[in-house]
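Quick heads-up: it's one chain on its own, the form predicted alone, in structure tokens.
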Amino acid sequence: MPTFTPQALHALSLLIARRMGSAEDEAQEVADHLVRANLAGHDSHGVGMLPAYVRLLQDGLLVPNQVPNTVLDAGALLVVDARRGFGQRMAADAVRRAIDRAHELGACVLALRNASHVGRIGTYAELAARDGCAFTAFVNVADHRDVQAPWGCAEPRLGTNPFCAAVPGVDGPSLLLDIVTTTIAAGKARVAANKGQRVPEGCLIDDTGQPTDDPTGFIRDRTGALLSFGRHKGSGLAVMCEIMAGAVGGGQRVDQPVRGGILNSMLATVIDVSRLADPAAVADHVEATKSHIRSSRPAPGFDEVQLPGEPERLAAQQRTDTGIPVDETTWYEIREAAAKLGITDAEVDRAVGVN
């Protein structure tokens, strides 16, 4: 399996985003986001998404350099329609606006509609937390086939529908929860299929509604479904993500015709923590809670007690030192997507430092 430095994958992502037509600031935003996802251990949302983005571009379902439409700007309420713009830039720009508004007014409720795939939601939570804001977000996934079978369903009826929350600490996000409401992300099933691996039990059902650990049917044949995590509880959260981002936030409805894109809508709340309490006191309270939880003996099968966001930080430290692995199938698909943009193998090799 090839392994690349973060700098090499950033250069490659930047090359592809530029050839897709993105201006320099947008290309940088996309490349930064993708590599940060890989560093955090979320390969499902990293550079492996580039082939999908090229397909969306060529199908007219992703618009580089899009100018978002501000539907509503009313004090603490902000509604932005991204109009299929490149999701990483659309979401980051909208969250930055919400952060500025929260600093001005104390809080901001942001409804971002119809962005092309926004990637790892935790990136935007980190953005808010680094600026002293608490962040929560309900997100839906629309414009393509359903992939999640809610509790009691033998067929898919929802997207992976992420939920995210973060709180600032002394120097950035002290705690960060970033989860899809399925047992695994669809991209993790793609990565497993590319590697020829099975997925854990309880993640998938096949086209007859029976449990399976083979992701190839779900990825290759587009059959079966991912299951909600936590039985009825995760399923309930998935439904509420759909309602909050879609019905309340104004995203695409589940009964509208799909075009084969990846559209995300997000209903986010951004709170300037300093308006509620002394940020140092909040951070101290958070650290006390973390210490109290860590004081427990690790359960059988666990080496240590970890809290939300810690696995990502540890992965980033390790991958910065050892490099980011990219499976052979994903690497082939990235090169194939680059070729569709007129990028030669030699240009790809130069970008990643291969002689």
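When you see a residue number, it is the position in the sequence shown, counting from 1. Computed from a prediction, not measured in an experiment: that's the story for all the values here.
The form predicted in complex with a small molecule is left out here; the points below concern that form.
A.B. asks: Any idea which of 65-73, 315-323, 283-291, 41-49 reaches within 4.5 Å of the small molecule in the model of the complex, heavy atoms considered?
C.D. replies: Partner-contacting stretch among the options: 41-49.
A.B. asks: Can you tell me whether residue 148 touches the small molecule? I mean in the model of the complex, with a 4.5 angstroms heavy atom cut-off.
C.D. replies: Result no; residue 148 lies far from the small molecule in the model of the complex.
A.B. asks: Check whether residue 105 has any heavy atom within 4.5 Å of a heavy atom of the small molecule in the model of the complex, and answer yes or no.
C.D. replies: No, residue 105 is distant from the partner.
A.B. asks: Do residue 118 and the small molecule share at least one heavy atom pair within 4.5 Å in the model of the complex?
C.D. replies: Residue 118 belongs to the contact set for the small molecule.
A.B. asks: Can you tell me whether residue 179 touches the small molecule? I mean in the model of the complex, with a 4.5 angstroms heavy atom cut-off.
C.D. replies: Contact with the small molecule, yes.
A.B. asks: Let me test this: is every residue among 56, 194 and 215 within 4.5 Å of the small molecule in the model of the complex, going by heavy atom positions?
C.D. replies: Checking in the model of the complex: none of 56, 194 and 215 is within 4.5 Å of the small molecule.
A.B. asks: If the cut-off is 4.5 angstroms on heavy atoms, which of these, 203, 127, 185, 111, is the one near the small molecule in the model of the complex?
C.D. replies: The residue in contact is 185.
A.B. asks: State the residue from 98, 141, 167, 225 whose non-hydrogen atoms include one within 4.5 Å of the small molecule in the model of the complex.
C.D. replies: Of 98, 141, 167, 225, the residue with a heavy atom within 4.5 Å of the small molecule in the model of the complex is 141.
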